[in-house]
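Before any questions on how it binds or moves, here is one chain, the form predicted on its own, in structure tokens.
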Amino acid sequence: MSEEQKKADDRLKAFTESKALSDRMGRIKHKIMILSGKGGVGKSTVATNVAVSLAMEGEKVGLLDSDFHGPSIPTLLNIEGQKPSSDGESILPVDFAHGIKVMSMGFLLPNRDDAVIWRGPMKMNVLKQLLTEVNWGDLDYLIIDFPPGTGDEPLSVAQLLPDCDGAIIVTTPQDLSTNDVRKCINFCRQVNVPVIGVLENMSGLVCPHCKEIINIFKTGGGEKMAKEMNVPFLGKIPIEPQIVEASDSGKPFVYHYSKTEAARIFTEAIQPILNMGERGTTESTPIVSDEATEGTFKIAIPVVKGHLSAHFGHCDEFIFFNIDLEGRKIVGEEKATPPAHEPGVLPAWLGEKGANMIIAGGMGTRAQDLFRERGIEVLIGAPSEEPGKIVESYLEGTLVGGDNICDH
């Protein structure tokens, strides 16, 4: 296989994976990350109870446990030993009470004591599979629980889900925790994940006898840190003996102890999430029209007098080629006259027409960015030849690109 053929195969594979991810995640209105820069702060407990709190409000919820090295969601929900099923094409998550759909690496281990020893690329691939190959169906919220820190897992999801709605950051009150959590907030800012707010866990112990609060780890550290970092503060959750009991027995705390102060705080903490409203289509989401044929890859070629246009914005028409991904052949084509060339108009129009790729002679940098934000791949430097031959050369891996001849 030639190097050009390999590149063409890689592009088609990347498109197929991106399309599958976009289709799957497009059925989920909101994706919420549960993060912490510090281990042992009760992050998985928070993720579980946030998911159950949302379900108790009538929302359709999925819960993804992406802590490969210490998956605890199955224990917290008392569904250890269960196995995901399959519908023949995708993985079906485990159904839990209240209609919550759950997926965890813990379901896939032969033995609960087995260690998962993976490097970063393996984690990235498995996370992509969990997001793409698990049939979550139509959800209002997908809650994603992460291991502590700012490593491979949260970075991978931030890259795979550029439309993530935001993150809830979990900390305990002491400086040892808040110092690490500051790094987590800065991580979110660097990867453009909005911070929904900080939740201060283990904020004092509720005495089981007198019900007074004993500040074992002191209190208010998370609130102070949130103020200093200029992010919302969602509340203080005290240590309640019932939380420990519920976690060990696999009973969601907010459901079985709904009258407690901690349960009330969980209910208040999810209000910003419930108030998010509907998410519209974002520029980072690939836009595929109803005209696109399922299982095909659509390539757009700008044309002038029957040949590829030197600049995509100065063409007379576009020819759209539908490509059979498996057979690597052209299965259809159509012509369309583009709208007047104005900044940002052609990327939107080509997205609505279902284009997955544009091959052009030259294109400005800003235009390339707009296409890629819409999930449309760009190949520039193509020769001014007959469009069908250009596409065939691309599929054969023999298309030789030149310099970007755009003078814009």
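On a predicted model such as this, the values are computed, not experimentally measured, just so you know. Throughout, we count residues from 1 along the sequence that is shown.
Not on display, but discussed next: the form predicted in complex with a small molecule.
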property	result
Non-hydrogen atom contact residue 265 with the small molecule in the predicted bound form at 4.5 angstroms	no
The small molecule contact in the predicted bound form: residue 39, any heavy atom under 4.5 Å	yes
4.5 Å heavy atom contact, residue 356 to the small molecule in the predicted bound form	no
4.5 Å heavy atom contact, residue 247 to the small molecule in the predicted bound form	yes
Listed residue that, although the small molecule is not shown, lies within 4.5 Å of it in the predicted bound form (heavy atoms), from 157, 300, 167, 237	237
Contact residue in the predicted bound form, chosen from 105, 130, 193, 243 - any heavy atom within 4.5 Å of the small molecule	243
Per-stretch contact check against the small molecule in the predicted bound form, the hit in 88-96, 333-341, 133-141, 195-203 (non-hydrogen atom, 4.5 angstroms)	195-203
